[in-house]
Structures are given as structure tokens and as C-alpha cells.
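The form predicted alone is given below as one chain in C-alpha cells.
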Amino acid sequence: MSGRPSAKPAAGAPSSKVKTLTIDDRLVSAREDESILDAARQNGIQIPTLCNLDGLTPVGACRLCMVEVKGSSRLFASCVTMVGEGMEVVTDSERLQKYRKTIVELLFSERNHVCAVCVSNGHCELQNLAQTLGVTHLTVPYLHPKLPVDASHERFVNDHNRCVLCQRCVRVCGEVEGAHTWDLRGRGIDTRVITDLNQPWGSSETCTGCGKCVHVCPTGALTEKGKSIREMAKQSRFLPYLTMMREDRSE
């Protein structure tokens, strides 16, 4: 392998060079500024993700998109690892399946994801991932944290018990809406998404009430008030369109 895995280049850096690599024994091509995840999706190869969403800057937070690259014993987050010439990538192996199942188990155990009483039951990306990966029970203990529910906003609810810290809300608010209402505080298991320096959502002076954060949330952490399970399907397909329009204006 001549192409050493590299991180995503700085935003706006022009690049048109094409790299040829192998993903799951398939010869594919991609621009050098595209990630392994981009190249895989363009060729119909599915890699599980939870924090990644078209239209938002990839951050590699969930670690579910990890892949193997020949020549290295490390695993690489495919959403933030650029393609390289001659790279040989494996997206599905016994090692990766075990790794991904463990991550999903840890997400379920860390907070209180009780699907039966969640308004996103049936529309939850974490729930779908568990089903896809065959997670039928947990092999790690539940932590049962006592986390607050912020219902101070007139239209929306933030239930920290359902949050997986994917940061989609933080990114869409800053990158697309430009409000920068959401942020993170704390470290590790104590990390929380917060609004306006940890003020109640309903007291936020920067929140525009657009609801983008709610519709990119992969779980039932951010929801609309008064919605039933059937009505609470998230609509995140607006993002690629908004991103394209923003790029057109900047040219």
C-alpha cells in the first residue's frame, strides 16, 4: 500500500486528483479529498454510522464506521480518513462486527434507552443499528443514570436520557442555521449537550426555533412536543439541499 491513511484536509482545499483503491476486494476510484466512507457509498458499499450525516462536517464521534486498512493494525474512522492510492480497505469482518456491536451495547447501557416508552420507537437510528448488527441483549451492565429532561422550550423537548452525543444538533445549528445555540460540556461519560452556556432551552436567546436540530437527531433525545410515535419520524433530507444552496451562494 503506497497511500498512508490521512485525516480529512482543511475545508475548502481544492482537489481533483483521483485515487484508486480497493474496498472489500472491489476496485474503486475516488477524489483524493473524499473519505473512505464517501467512496464506499458511491459504490453501494454500506458502512454503519450514527454521527455522520450528509451536509454536516464529519467528526468521527460514534466510531461505528471504523474500517480495517491493510498494512496497519489500527482501525480507522472511515468518515474522516481520506482515500489513498493503492489503499486496501475492509469494511466488514468478524473483528469489525464485534467492535460495532460493543459500541452499540455501550450506547444502550450508558443512558436510559427504553424503546417501548420512547416517542422515536420505530424511527430511531440507534434502534435500527442494533437490529442490523444483531444486538439482542447487553453483555455490559446498565448504568441507569438520573438525567434531566428539558421541556422548557415551547415546541421542543431535550431528553438527555436518549442522547448518544453524536453532535449532529451542535453541527447543524452552527454550520447550517448559523445560530450556534448548541454545544457540549463535560468530558467522557459526563458529557452533555447544552444550550447557551447551559441555560434551559426555553430561555435561549440564540435559538431560532427552526427545529433542524430535532430532525437530525438520530434518537428520541430531541423531539417535538405533542407528537405521537407515528408522527415523530425525523426529516433530515433537507440538509444536502441546504448545503448545496449555501455552496452555490459562496461561489
Partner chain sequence: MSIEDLSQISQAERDARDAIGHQINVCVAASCLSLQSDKVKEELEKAVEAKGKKDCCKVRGVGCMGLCAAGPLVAVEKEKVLYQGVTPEDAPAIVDALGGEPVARIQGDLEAPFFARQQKIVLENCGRIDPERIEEYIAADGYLALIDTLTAMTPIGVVQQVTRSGLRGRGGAGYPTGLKWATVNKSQGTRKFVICNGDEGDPGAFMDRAVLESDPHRILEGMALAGYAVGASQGFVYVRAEYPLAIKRLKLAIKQAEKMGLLGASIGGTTFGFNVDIRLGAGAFVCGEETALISSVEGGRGTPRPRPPYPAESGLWGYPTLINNVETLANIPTILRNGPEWFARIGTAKSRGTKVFALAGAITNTGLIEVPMGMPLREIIFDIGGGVPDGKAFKAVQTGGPSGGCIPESGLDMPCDYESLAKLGSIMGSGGMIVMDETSSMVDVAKFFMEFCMDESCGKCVPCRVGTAQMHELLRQISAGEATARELALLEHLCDVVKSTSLCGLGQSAPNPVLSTLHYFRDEYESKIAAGEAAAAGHAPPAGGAA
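Positions refer to the first chain, counted from 1. Nothing here was measured: the structure is a model prediction, and the numbers come from that model.
There is another form of the same protein, the form predicted together with its partner chain; it is not shown, and what comes next is about it.
The closest non-hydrogen atom of residue 109 lies within 4.5 Å of its partner chain in the predicted bound form. At a distance threshold of 4.5 angstroms between non-hydrogen atoms, residue 139 is in contact with its partner chain in the predicted bound form. Under a 4.5 angstroms non-hydrogen atom cutoff, its partner chain in the predicted bound form has residue 95 among its neighbouring residues. Contact annotation for residue 143: at least one heavy atom lies within 4.5 Å of its partner chain in the predicted bound form.
This chain is drawn without its partner chain; in the predicted bound form, the residue among 127, 167, 181, 91 with a heavy atom within 4.5 Å of it is 167. This chain is drawn without its partner chain; in the predicted bound form, the residue among 207, 216, 69, 61 with a heavy atom within 4.5 Å of it is 61. Taken together, the three residues 135, 160 and 235 lack any non-hydrogen atom within 4.5 angstroms of its partner chain in the predicted bound form.
Stretch-level contact check against its partner chain in the predicted bound form with heavy atoms at 4.5 Å: of 116 to 124, 83 to 91, 97 to 105, 151 to 159, the positive one is 97 to 105.
Contact annotation for 178 to 201: residues with any non-hydrogen atom within 4.5 angstroms of its partner chain in the predicted bound form are 183, 184, 185, 186, 187, 188, 189, 191, listed in sequence order.
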